[in-house]
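Let us start with two forms of the same protein chain, each given on its own as structure tokens and named structure 1 and structure 2.
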Structure 1
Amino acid sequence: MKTTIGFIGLGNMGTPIAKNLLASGYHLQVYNRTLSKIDELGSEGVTKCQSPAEAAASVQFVISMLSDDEVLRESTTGDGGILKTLQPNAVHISMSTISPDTAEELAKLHQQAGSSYLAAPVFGRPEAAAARKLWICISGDEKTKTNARPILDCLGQAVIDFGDKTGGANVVKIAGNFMIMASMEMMAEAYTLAEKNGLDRVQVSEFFGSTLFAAPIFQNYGKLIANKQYQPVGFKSKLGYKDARLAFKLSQTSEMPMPTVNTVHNRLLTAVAKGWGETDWVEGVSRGVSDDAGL
């Protein structure tokens, strides 16, 4: 008999993750705010639910992949939230990019309810999720991590443990997304500098990506930035701005000066202010730099 998992959130990342769980033999009780999105999963092994509470009912595991702190908090603690039905000893695996404070808060609420919360944010764009190539960062109670491991192992290329402090994996995720944003800003500025001086920005990108900066971020994002390739949208600029806000807030509460956070925060805020919030964050950064350069 197939194990049933609750699943909440079918965005660009949630959909391929859900499809991989189905392909691995799990049955899913699925809730998504736009219910018609559930139809994209097909009918085999899928139960359509009307609320997060319904998706979390009578299961040992529920996975959420939601856009931000407030949406996750409401889906967990609201009138139709996960905690209304999640049974004792069940595990809520949260794959969202949120603040460590929110993770700690939700972990306490789960503990009070007799269930467990596991922080499990991921690195990778939708195509990586579809190919089971995500890097999954986890933190929380040791028993909870052990119990969730078989599910997580079928979703990514590695699961990396960042300790028993629930918010630890979220700090890693925020730090990592900051590094991606900063790298994109740096590449966009460098390749636009080359373009302004009559050079082929694609050739410059290929040179750096195969020599001094021969790493996936510079090769993959570098190619998109150099070619000004902004479709398909994998991660929206408004979500990038949300992550920049998280990094900025964490730097302030940690009393950690991060001058580059100000740069990427303002870059993505500008993109949202210009009406580019639904575009890929590569466009939010790269197009912004090109605009500033008069190109």
Structure 2
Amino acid sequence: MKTTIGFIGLGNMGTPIAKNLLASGYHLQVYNRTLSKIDELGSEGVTKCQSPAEAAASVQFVISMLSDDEVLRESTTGDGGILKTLQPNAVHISMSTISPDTAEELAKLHQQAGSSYLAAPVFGRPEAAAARKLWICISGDEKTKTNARPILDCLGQAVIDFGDKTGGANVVKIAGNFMIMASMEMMAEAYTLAEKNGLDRVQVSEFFGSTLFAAPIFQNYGKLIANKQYQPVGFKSKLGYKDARLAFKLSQTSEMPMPTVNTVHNRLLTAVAKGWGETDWVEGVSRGVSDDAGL
């Protein structure tokens, strides 16, 4: 008989992850703010819950994939939160993109309750989640990492261990998202420079994406930026801005100036200020660069 897992958060990322768990034979106790979304998972192996606490009851593992620090904190420590029911020795696998400070704070609360918290943020778009191709970054104590490993292995193409400090994996996630945003900004500046000088943005993008910058980020985002292809909306500018804020905040708590973080933070803040918060973040960045260039 397969394990039952608590699962909280059926957003763009949570849904394909939950489906993969079901396909692998796990049973899920699922909570989502909009309860009707749970129906998308089908009824096979799914128990619908009315709160995070209900989803976390009587299981060895609960997975959360939520939008930000506040929602995660509320879902964990609030009235109907995970910690209300989580058994001693159970593990909370926390996959959301949050600050390391929140991770450390929650880890401490779990420890006090006798349970464990595992930071496990991921890289990859929803398609990658569906294809079990996520890169899963983890950090925390050895025993917790070992226990959670079989579950993580069935969700991604690699699980990378960033040590025993709880928030370590969160730092890596924030650093990576920063690098993605900085790459978008860099490409938008370079390709708009090319455009302003009479060159073909697409040709320039293809050249770099197939030579010095032959990496997924530069190929996939590069194509969208070069073509100014801003539909469909995959990841919203306002969520990108949230991540830029996490990076900025981390530069403050880490006591180090990060001028490139400033640039992407301001780019996305401007997008939000101009009312482009609901656009794809590729548009938020690329249109901002074009706009300032008078295009």
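Residue positions are counted from 1 along structure 1's sequence. Since the model is a prediction, treat every value here as computed from it, not as a measurement. By rigid core we mean the largest C-alpha set that fits within 1.5 Å across both forms.
Only structure 1 is derived from the form predicted alone. Relative to the superposed core, P88 shifts its CA atom by less than 2 Å between the two structures.
Remark: with the core as the superposition reference, the CA shift of K143 between the two structures stays below 2 Å. Once both forms are fitted on their rigid core, the CA atom of D200 lies 2 Å or more apart between the two structures.
On rigid-core superposition between the two structures, the C-alpha of G275 is found to move 3.0 angstrom.
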